[in-house]
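In the block that follows, a single chain appears as structure tokens, in the form predicted on its own.
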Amino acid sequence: MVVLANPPVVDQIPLLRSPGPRDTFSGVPVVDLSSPGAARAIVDACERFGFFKVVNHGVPAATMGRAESEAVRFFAQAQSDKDRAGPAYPFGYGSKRIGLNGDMGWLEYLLLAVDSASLSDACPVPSTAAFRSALNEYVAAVRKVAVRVLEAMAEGLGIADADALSSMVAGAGSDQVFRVNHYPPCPELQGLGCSATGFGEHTDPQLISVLRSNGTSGLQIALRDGAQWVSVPSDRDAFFVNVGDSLQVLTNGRFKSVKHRVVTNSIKSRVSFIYFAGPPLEQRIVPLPELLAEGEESLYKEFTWGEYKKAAYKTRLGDNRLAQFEA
């Protein structure tokens, strides 16, 4: 954390050291989803980092570009117009305040509910037909990517039921959420060696998260020992996948949910889309029997996704949400 004697006004947003070239992580695992070796590569990446990049995913560039253009158009509106789409409790437009527990970030966002493969009708934001259509097309496409990734995980883990993980997301009642984040530039900090926190360090509670950005850097992940934060090179043509807390439990800790954060850019805006693949609220979250060696016991107490979701969202971003569920 950076502390300045006379900090610029950034609304009490925590400041971080600005990333430099030496912080760039050149070892991000890249998974070619069309390759026969994708399943093994995904498992290896999840065991090592809980994070990987997906290429050859099959989502048309036009689908990604249209969603991005509509998002940029939405966030370029007057603040009063955007505020009418909020507050984000739980769904809608939010600015700077993340959740209800005091977390702050230099961002504005849309948090949206997903029903099956499109935005929920119960979530009226966004109201413009063009933006909603673009996001529905994008959500349907990225959901297919998530299903393919989870099927490949099951294959790579040697689970007999190929749908053991993907059915939790693709089945009826799955709890899916979609987030559109906009991190405006913060020119007041340019040249000071520090950047505003866009989204503070955290893990995602769901099974996996699938992220794409507009190509502006800012995403950082913590390597396994947690002592080193590294910057992920941007790639607007690829998707990045995070292991979430629930998948960590389902694999009995074999996969680790990755701690990540976003550091703002002083010059360029960052727009990102995150699809959170969650199971139905009543889904039991326990280690899959096929992944337990003979005599191996669960590292976690049994709980449902609904119970974990309720507990997780009562915490601050940086809290260890799984600690209270450890056996």
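All residue numbers refer to positions in the sequence shown, first residue = 1. Keep in mind the model is a prediction, meaning the values are calculated, not measured.
Just so it is clear, the following notes concern the form predicted together with gibberellin A4 (GA4), a form of the same protein that is not shown.
- Taking the pose of gibberellin A4 (GA4) in the predicted bound form and superimposing the nearby C-alphas onto this chain, the site is open, with no ligand atom within 2.4 Å of backbone or C-beta atoms.
- Among residues of the shown chain, P126 is not one whose heavy atoms approach gibberellin A4 (GA4) to within 4.5 Å in the predicted bound form.
- In the predicted bound form, gibberellin A4 (GA4) sits within 4.5 Å of a heavy atom of T315.
- Though the partner is left out of this view, G105 does not reach within 4.5 Å of gibberellin A4 (GA4) in the predicted bound form, counting heavy atoms only.
- Contact check for R179: a heavy atom falls within 4.5 Å of gibberellin A4 (GA4) in the predicted bound form.
- Comment: 96 to 104 is the region of 159 to 167, 188 to 196, 96 to 104, 114 to 122 lying near gibberellin A4 (GA4) in the predicted bound form, near meaning a non-hydrogen atom within 4.5 Å.
- Judged against gibberellin A4 (GA4) in the predicted bound form with a 4.5 angstroms heavy atom cut-off, the residues Y89, H202 and F276 are in contact without exception.
- Contact residues in stretch 38 to 66 (any heavy atom within 4.5 Å of gibberellin A4 (GA4), taken in the predicted bound form) are absent; none meets the cut-off.
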